[in-house]
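Here you get one chain, nothing else, as structure tokens; it is the form predicted alone.
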Amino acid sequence: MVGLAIHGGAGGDGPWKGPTDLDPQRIACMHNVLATVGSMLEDGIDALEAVTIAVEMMENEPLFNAGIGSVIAADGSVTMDASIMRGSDAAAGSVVNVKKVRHPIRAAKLVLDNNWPVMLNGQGADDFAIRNGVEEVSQEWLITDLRQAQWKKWKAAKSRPGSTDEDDEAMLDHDTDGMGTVGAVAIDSKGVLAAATSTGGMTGKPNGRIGDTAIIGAGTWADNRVAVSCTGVGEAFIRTCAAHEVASRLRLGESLTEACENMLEMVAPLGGRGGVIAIDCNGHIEIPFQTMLMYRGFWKDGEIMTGIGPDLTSQ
């Protein structure tokens, strides 16, 4: 029994307007991730490495808000957060506001592997990751033309942070906060669960801002029952310990479906409408969202399903 679910961010209000010209590239990336890592799980890779590789592959896709293609902060720089957790022993690792690495999630896994501390910030996190083999890249390499256009439009409009994050070709067809964050959850052949999440944050975010992605229990959680990765407006997910809330509800006897949906209902009044992916120790997968759309998909028993709007499509 192995399984994998991924997301590429959730957001927006109103009915889904259909795919943009760039969405087929995002879907193709998700399908490749699911096919590749799903097969690796079948071949015996452990869940922690599976979610790391899945997120790394999405960090390599410039149209997601993680790694190359991360959104640009108010000061014109790219800062990235990532976290990862293994359910069998509560091992966790997190990096905050890194600027120099290609794969923040690999940096977070190295923190986990090092056992202590659990979280590293800024220059210290960059230095640790590069010293331990994570590829170093420049700020110029991380910034894409699309993100530059979104940042310029945000700056000219003096808008709220995040308002142009998924503005394909800066046309504001997907006006939302926090979308493009990526995550993965998996269960391996030994029944071990793991979760990972990575993001560039919000376009125009203030210097030093930290969202839920880097915080164990808010954006990422895994234990012996469930693995969870969240996406949405990070502050609300922090205030509710949203990812851990799913686990708490399972312990109280709720089903995985109920736990995920009730968590989202709890977060929503705080301005945190978003989505979640979760997989439990029985291999059940849930990928609900409350927003206009969520880039999402799962692999189970060789079947791949992906979607953006209300419906999933078998691949």
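Keep in mind that what you see is a predicted model, and the values were worked out from it rather than measured. In this text, residue numbers run from 1 along the sequence as written.
We do not show the form predicted in complex with a further copy of the same chain, though everything after this point is about it.
4.5 Å heavy atom contact, D188 to a further copy of the same chain in the predicted complex: Residue-level check for D188: no, no contact with a further copy of the same chain.
Non-hydrogen atom contact N207 with a further copy of the same chain in the predicted complex at 4.5 angstroms: Contact with a further copy of the same chain, yes.
Any non-hydrogen atom of N97 within 4.5 angstroms of a further copy of the same chain in the predicted complex: Yes, N97 lies within 4.5 Å of a further copy of the same chain in the predicted complex.
Exercise: K152 in contact with a further copy of the same chain in the predicted complex, heavy atom 4.5 Å: It does not: once a further copy of the same chain is placed as it appears in the predicted complex, K152 has no heavy atom within 4.5 Å of it.
Option from 250-258, 281-289, 60-68, 33-41 whose residues, in the predicted complex, bring a heavy atom within 4.5 Å of a further copy of the same chain: Within 4.5 Å of the partner lies stretch 250-258.
Heavy atom of each of M202, G217 and W221 within 4.5 Å of a further copy of the same chain in the predicted complex: Yes: each residue has a heavy atom within 4.5 Å of the partner.
The single option of A73, V134, L110, A92 touching a further copy of the same chain in the predicted complex, heavy atom within 4.5 Å: So the residue touching a further copy of the same chain in the predicted complex, by this definition, is A92.
Selected contact from L120, V101, I143, V192, since only one has a non-hydrogen atom within 4.5 angstroms of a further copy of the same chain in the predicted complex: So the residue touching a further copy of the same chain in the predicted complex, by this definition, is L120.
Contacts with a further copy of the same chain in the predicted complex, stretch 236-256 (heavy atom within 4.5 Å): Heavy-atom contacts within 4.5 Å come from I238, R239, T240, C241, H244, E245, S248, R249, R251, L252.
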